[in-house]
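Only one chain comes next, encoded as structure tokens, the form predicted alone.
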Amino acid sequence: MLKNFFHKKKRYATIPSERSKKDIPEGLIVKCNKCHKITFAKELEKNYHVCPHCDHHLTVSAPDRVRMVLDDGNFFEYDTDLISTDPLNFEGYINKLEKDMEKTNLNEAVVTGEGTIGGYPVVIGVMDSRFRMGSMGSVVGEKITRAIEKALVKQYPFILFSASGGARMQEGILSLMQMAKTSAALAKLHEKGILFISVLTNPTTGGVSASFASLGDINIAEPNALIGFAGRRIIEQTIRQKLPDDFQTSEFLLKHGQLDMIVHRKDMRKTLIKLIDIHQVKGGM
């Protein structure tokens, strides 16, 4: 009798019903893809989309990046009418482009334009990895080249945030041509002594890392960003050696001289302002 009286009832976990799951607004919380902890989206936004638990830098959309870096309300976008076609008749390509346009509310994987940062006028380009993994096709290369040419005419510093999986395979050789085109435009910028700051974010790989992303007068990266050309497995199979664990990270590249600095996202704006200020011509010629 006494045994039955003090017997504890088993407790079972309650599984939310499908209806209750739908009651949670989409986008309210975000799960970090490194530490897997959950954070309210609003809190994450206030923290520059950096995980407050492990300091992992999460993906940032191009519009959010522009808002983080430039002075409030001071941005004029270039070439909003440029849209990719399907020059090679690659099956399903147009459909994928349309889906990404709808998902991101962007026409392509890069946003370019001009604005001010700390009062200094700049031309800026920001790649968005949500659109075809930030891959570089003809339109991406053309928009970046036109932005460089605008900086050349206006003699404004040029800032480019890279985030890309490389050249866009659906456009074949036309994608690879963008490497040469953008690099040639940057050579003209260099000849005129106009500052180019390249900011490499996670990931910056393939043809983008092998062209304009690595040609900055100053090359900056965010912490622990993946930066490289070919993938780790391909390189290991080619050289038949095990690569270091931190290979192709910002920290590895800084140690080996490919980067000038690593800057935390919350410090990026003030670092860019300081660099632009240092490179201003004081007092005329």
Partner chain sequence: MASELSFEKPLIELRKKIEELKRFIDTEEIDFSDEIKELEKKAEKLEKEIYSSLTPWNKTQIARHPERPTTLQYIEHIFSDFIELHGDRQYGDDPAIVGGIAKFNGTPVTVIGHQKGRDTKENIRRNFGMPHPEGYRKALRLMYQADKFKRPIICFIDTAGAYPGVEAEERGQSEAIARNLREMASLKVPLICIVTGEGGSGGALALGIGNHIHMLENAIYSVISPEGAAALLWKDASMAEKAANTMKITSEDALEFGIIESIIPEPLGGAHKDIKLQSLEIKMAIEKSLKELQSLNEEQLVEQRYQKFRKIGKFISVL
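Predicted model, so just to flag it, every value in this text is computed and none were measured. Positions refer to the first chain, counted from 1.
Another form, the form predicted together with the partner chain, is not on view; read the next lines as being about it.
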item: Stretch in contact, per heavy atom within 4.5 angstroms of the partner chain in the model of the complex, of 153 to 161, 122 to 130, 204 to 212, 67 to 75; value: 204 to 212
item: Contact test in the model of the complex: Ser61 vs the partner chain, heavy atoms, 4.5 Å; value: no
item: Contact label in the model of the complex: Thr238 to the partner chain, heavy atom within 4.5 Å; value: yes
item: The partner chain contact at Gly172 in the model of the complex, heavy atom, 4.5 Å; value: yes
item: Proximity of Lys46 to the partner chain in the model of the complex, heavy atoms at 4.5 Å; value: no
item: The unique member of Ala41, Ala230, Leu254, Ile38 whose heavy atoms fall within 4.5 Å of the partner chain in the model of the complex; value: Ala230
item: Option touching the partner chain, based on a heavy atom within 4.5 Å in the model of the complex, out of Met179, Ile117, Ile197, Ile194; value: Met179
item: Those residues of 109 to 128 which, in the model of the complex, come within 4.5 Å of the partner chain by heavy atom; value: none
